[in-house]
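Before any questions on binding or motion, here is one chain by itself as structure tokens, the form predicted alone.
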């Protein structure tokens, strides 16, 4: 009974139930939604968007935000594609450099935030413009078309014709983040800084380096999402990352993340990604204007924030603080 109650109270339980019910209901309305081809598209969307969202979730954990997630991902994507087309680098070397660019961008953000005391909102808003400007300067707003066949295969084929290759990095990263946040000192420090930075400082933990570490991880994951986007789209578009921002906040909040920091859930966040992907695919299936996705995401964020606030009020009442 206790274990069952724990499942009901878990952050991932609600989004998981909503996702499964949504697939079943929409599938009953139109069987095409649960066809193998449609489910494959859904898994690919969750895989790519999951990496994007996890890059934001890490920063939310310390009570900050990274508005430059899309800028970093776009710069990494265009660097990955450009290094292969213009410089002739093999995909592995080009991907490694793209990931290092993401790490450098995250280090840049984190160092400025930690050393200047300026709001992460302001710093990452400025760096978003900086990274996007570099992107457009490199490409002159023109795509890179010559993507190697092995990269295209990674973005479109599946392991044993069942599990898309593109989902493998997200699975590995999600597991690694779970271990980091629950088992490792750095992960516990990240959550502790989000929950109570003053108390953490008294324990001797470096707030500066914890903030920097969170942004470095975020930059790395955003760059990984950029590389994955090139493989999925099979082209290096300078617009990659332009529409990532709202999604990157929506899924963690749907998954119960506290925007003030201290509480995130990898599993619940990925289920939040699934909800967004299901809604997007359903709108396409029913031939509804896909631009409505932005409006739906906004409503989902408001709903999720409202639920989180209600939980906080209930918890405080239970503790006798209200």
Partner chain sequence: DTKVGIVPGGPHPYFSAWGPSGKDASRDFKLGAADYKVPAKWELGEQNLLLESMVSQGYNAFIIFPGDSVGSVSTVADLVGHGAQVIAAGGCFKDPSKALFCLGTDTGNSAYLGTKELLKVMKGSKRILHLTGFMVDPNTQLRIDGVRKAAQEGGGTVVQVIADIDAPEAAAEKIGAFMAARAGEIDGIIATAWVPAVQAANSLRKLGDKRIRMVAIDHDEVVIKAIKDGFVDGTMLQNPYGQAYVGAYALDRLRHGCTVKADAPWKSNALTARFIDSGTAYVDAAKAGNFVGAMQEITKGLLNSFEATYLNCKK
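Because the structure is a prediction, the values reported are computed rather than measured. Numbering follows the first chain given and starts at 1.
Below, we refer to the form predicted together with the partner chain, which is not included among the displayed structures.
A.B. asks: With the partner chain left out of view, choose which of 96, 103, 89, 237 has a non-hydrogen atom within 4.5 angstroms of it in the model of the complex.
C.D. replies: Spelling it out, the residue with a heavy atom inside the cut-off is 237.
A.B. asks: Can you confirm whether 151, 167 and 272, the three residues that make up this candidate site, all sit within 4.5 Å of the partner chain in the model of the complex, judged by heavy atoms?
C.D. replies: Per the other structure, none of 151, 167 and 272 touch the partner chain.
A.B. asks: Would residue 172 sit within 4.5 Å of the partner chain in the model of the complex, counting heavy atoms only?
C.D. replies: Taking the distances in the model of the complex, the answer for residue 172 is no, it never comes within 4.5 Å of the partner chain.
A.B. asks: Taking the partner chain as it sits in the model of the complex, is residue 244 in contact with it (heavy atom to heavy atom, 4.5 Å or less)?
C.D. replies: Residue 244: yes, in contact with the partner chain in the model of the complex.
A.B. asks: I'd like to know if residue 277 sits close to the partner chain in the model of the complex, meaning any non-hydrogen atom pair within 4.5 angstroms.
C.D. replies: Residue-level check for residue 277: yes, a contact with the partner chain.
A.B. asks: Check whether residue 82 has any heavy atom within 4.5 Å of a heavy atom of the partner chain in the model of the complex, and answer yes or no.
C.D. replies: Because no heavy atom of residue 82 falls inside 4.5 Å of the partner chain in the model of the complex, the answer is no.
A.B. asks: Even though the chain is shown alone, can you say which residues of 37-58 have a heavy atom within 4.5 Å of the partner chain in the model of the complex?
C.D. replies: Heavy-atom contacts to the partner chain in the model of the complex: 37, 38, 40, 41, 44, 45, 48, 49.
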